[in-house]
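Here you'll find one protein chain in two forms, each presented separately as structure tokens under the names structure 1 and structure 2.
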Structure 1
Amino acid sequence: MMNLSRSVALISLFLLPLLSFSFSVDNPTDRRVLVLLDDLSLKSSHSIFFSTLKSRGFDLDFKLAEDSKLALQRYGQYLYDGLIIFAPSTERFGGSLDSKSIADFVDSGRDLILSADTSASDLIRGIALECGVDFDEDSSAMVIDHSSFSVSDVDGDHTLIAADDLVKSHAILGKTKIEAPVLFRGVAHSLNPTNNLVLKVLSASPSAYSANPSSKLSSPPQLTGSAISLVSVMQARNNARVVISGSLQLFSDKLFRSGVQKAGSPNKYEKSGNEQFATELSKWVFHERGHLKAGSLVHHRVGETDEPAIYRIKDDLEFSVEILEWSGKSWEPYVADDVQVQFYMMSPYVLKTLSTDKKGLFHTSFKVPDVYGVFQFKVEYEKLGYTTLSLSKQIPVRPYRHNEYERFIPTAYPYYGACFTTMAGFFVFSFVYLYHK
């Protein structure tokens, strides 16, 4: 018995550092990432991408996609916080892994980077479809663009796309603008229009189309123009994040290091935008940016500091909430001018934009409406690329009490005057009546 408890203590001591690395709300960055490859040489050919991840503190576990010992969880506990699937040709994963367990992995709030390529397998297409991304059904199709391809001396197919139609979101792609076009060679996908969680990060130009470059077209291509998405992201309702790319080469050392000149443009860049794009995107997907946390909703009457149990109609109140953003290392104050609060009972009675003190505190003040009932303070914050904040706090509002109405109404002064003059008259008259002689 002694031995057992001692060994348990020992094991937990051993597990402690492991546990402290795991995914948590206080430290939302993924730490342990499983990388599935269909060839270990990808480890070397995509080493810059992997080494930037490693240098940011990620613990990468490289496995072959067909490894028979693959498992995402053991004894009901997930072994990893993130998953990178760079295995476009894999038809079946080894071990216990399949598309359902990957969907469960995302459903548990964990993150995924999925990269397909030309001739992506049905398995990879299936996982993408779960996320609202539809790859071109034609397995030999590639994105071709005869107007915005990358000028190159060795590519005569115009399948190396220089794409610069990026989503405008600081949260997803960072504050520094990606100047150089992003090189892309791979398969096109479209987004399911009914899924509003998924969005295009890198779109093709209007002249792009998806077809097999080496055969003549007999029917119009399925995907054309800027409806083609090259790289998409999905943020689930539980804030799990997914990146889906149609090109595995986009992450390769070769394209990271390659120079780029977009056809018809005089600007020549020494280095393509791929490295910056992939790095910033990986920061987003692993919650190093755009992950918000809110403190509790604080409210009180103007001039007071304590939160009342109930408000009276027409009270003036002050409302504040603290919102912080995870920077990868610590929680930094979040600055924005579009956070709003609602004073809500069945429908919003008051909707106000909060002003910020630039230190993370958002505040406003307003008058409680003259409707009584059970209200809620609601902060529902949705912004492109950021995690969704949904906070609410219930507070009742009562009408005036009997003694809270106006006490001496000037309009009633004549009545008061009548009463008191009568009383004074009575007092005088009582003397006159009793003692007159």
Structure 2
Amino acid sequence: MMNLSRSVALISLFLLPLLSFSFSVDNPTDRRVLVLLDDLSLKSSHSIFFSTLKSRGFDLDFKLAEDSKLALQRYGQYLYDGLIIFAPSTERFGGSLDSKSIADFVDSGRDLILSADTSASDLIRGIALECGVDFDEDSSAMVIDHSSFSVSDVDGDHTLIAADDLVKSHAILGKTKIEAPVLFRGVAHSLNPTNNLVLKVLSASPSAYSANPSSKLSSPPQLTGSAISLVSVMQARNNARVVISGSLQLFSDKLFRSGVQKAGSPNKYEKSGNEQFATELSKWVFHERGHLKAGSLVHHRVGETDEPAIYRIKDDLEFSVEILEWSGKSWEPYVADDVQVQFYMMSPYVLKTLSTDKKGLFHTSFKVPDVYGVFQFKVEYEKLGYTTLSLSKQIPVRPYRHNEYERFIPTAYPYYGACFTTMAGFFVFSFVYLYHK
């Protein structure tokens, strides 16, 4: 029994460094991703997408969604830093995996790609709903568009959509414009209006609607036009990222290689925009782009270099902070003109836009307000597609000491004048009263 205990302890010590490896804010690369499939044939039918991830250094662990040994944690440590769920029809995950554990996974700051289709189960719909995405309640409904369909749609039901309404964000989809339309065949979803963290990345055209393509409409569809989102993203407050797609085929080799021509358009493309769209989106969700980190807040009086323990009202000070952006391989200086600092006590007394030296250093100078108390330097930076920065540093501000005031205060000159005028008037009055006959 004693030997068994020693063996378990040795195994735990050996495994602990491996299990402790997780997403690093300082080096967001070389991450381990769990890929859940409802059919292992998806490894070959979606091989291009998986190959692009592997080529960028990701370690993919493929498992069936119903595997009885599934687990995201072991010994209190997460085994994976990202999760891809390509198992829309799965009614129940195997092992210790369920919707709550996936929610906890995202709450821990890790990332998720979830893809659905017309066979989406209540389990998949529930996970999406937790992220602010609501799939069409009609399980037989698909996105139909009689104006923006692909001319290669041989079925004639106009469910193969050629979508080109993309979010305008270099951080999410890269700087290279996606010229070709993205082919989409799947289910529609809408966004929870009370959730301001979720965003449409690929939207349907105004002529699209969600309905059963094999039956006639008996009533107006609930989801129509631009209210339909085809692919959405969410960045949580802890900077965890989630991608939710209504089409599993969007990531398939078939649509990656397909040519595309949008109905009514003379432009014909030999290759759809699916591969570029999926690749750029995966770079964003796994923090290869749009990931910021900031150094400590630095402040000192003008002409000094040391940070004081306390400021005095009306002191002139300088403030700076370094912000870097992850390029996928290394940290590069972040360049922007919209970073601001607040000098805050209950409300901002000073709000200044920071200047940048184009090398990642943001700086400014200002005068401490004529109010004493406990203040904070605060940098709250939120920008579409970028991780949120929230930095603060507390500093007290004191009033003048009794011996630090000016000997004669200019604003008090009228009072000084009144005092001496009164004295002079009293002297003249006394002289006249005493000596005048």
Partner chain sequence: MMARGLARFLVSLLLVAICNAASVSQPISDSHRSAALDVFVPLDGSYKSLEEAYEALRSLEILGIDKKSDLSSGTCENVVKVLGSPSSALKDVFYALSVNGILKCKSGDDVPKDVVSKLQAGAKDAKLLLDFYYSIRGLVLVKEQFSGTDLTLGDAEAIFRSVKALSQSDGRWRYSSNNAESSTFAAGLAFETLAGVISLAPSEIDQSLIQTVKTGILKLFDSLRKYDDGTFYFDGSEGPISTTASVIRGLTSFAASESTGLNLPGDKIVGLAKFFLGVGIPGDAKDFFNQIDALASLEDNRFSVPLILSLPSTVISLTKKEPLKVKVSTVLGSKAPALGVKLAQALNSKGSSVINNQELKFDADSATYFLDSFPKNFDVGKYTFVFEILLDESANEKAYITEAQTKVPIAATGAISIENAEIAVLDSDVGSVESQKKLDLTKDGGVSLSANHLQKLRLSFQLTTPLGLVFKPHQAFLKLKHESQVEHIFLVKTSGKKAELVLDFLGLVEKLYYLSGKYEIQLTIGDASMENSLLSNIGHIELDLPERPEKAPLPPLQPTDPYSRYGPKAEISHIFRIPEKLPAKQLSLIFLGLIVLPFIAFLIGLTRLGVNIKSFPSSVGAATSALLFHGGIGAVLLLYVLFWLKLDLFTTLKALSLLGVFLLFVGHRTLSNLAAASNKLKSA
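Throughout, rigid core stands for the largest set of C-alpha atoms superposing within 1.5 Å between the two forms. Note that the coordinates shown come from a computational prediction; the quantities given were computed from them, not determined experimentally. The first residue in the sequence of structure 1 is number 1, and each one after it adds one.
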Which number belongs to the form predicted on its own, 1 or 2? 2
Assign each C-alpha to whichever of the two rigid superpositions fits it better between structure 1 and structure 2, then state whether V151 and K271 land together. yes
If you fit the C-alpha atoms of each rigid part, what angle in whole degrees does the small part swing through between structure 1 and structure 2? 42
C-alpha positional change at E406 between structure 1 and structure 2 - rigid core reference, Å: 2.6
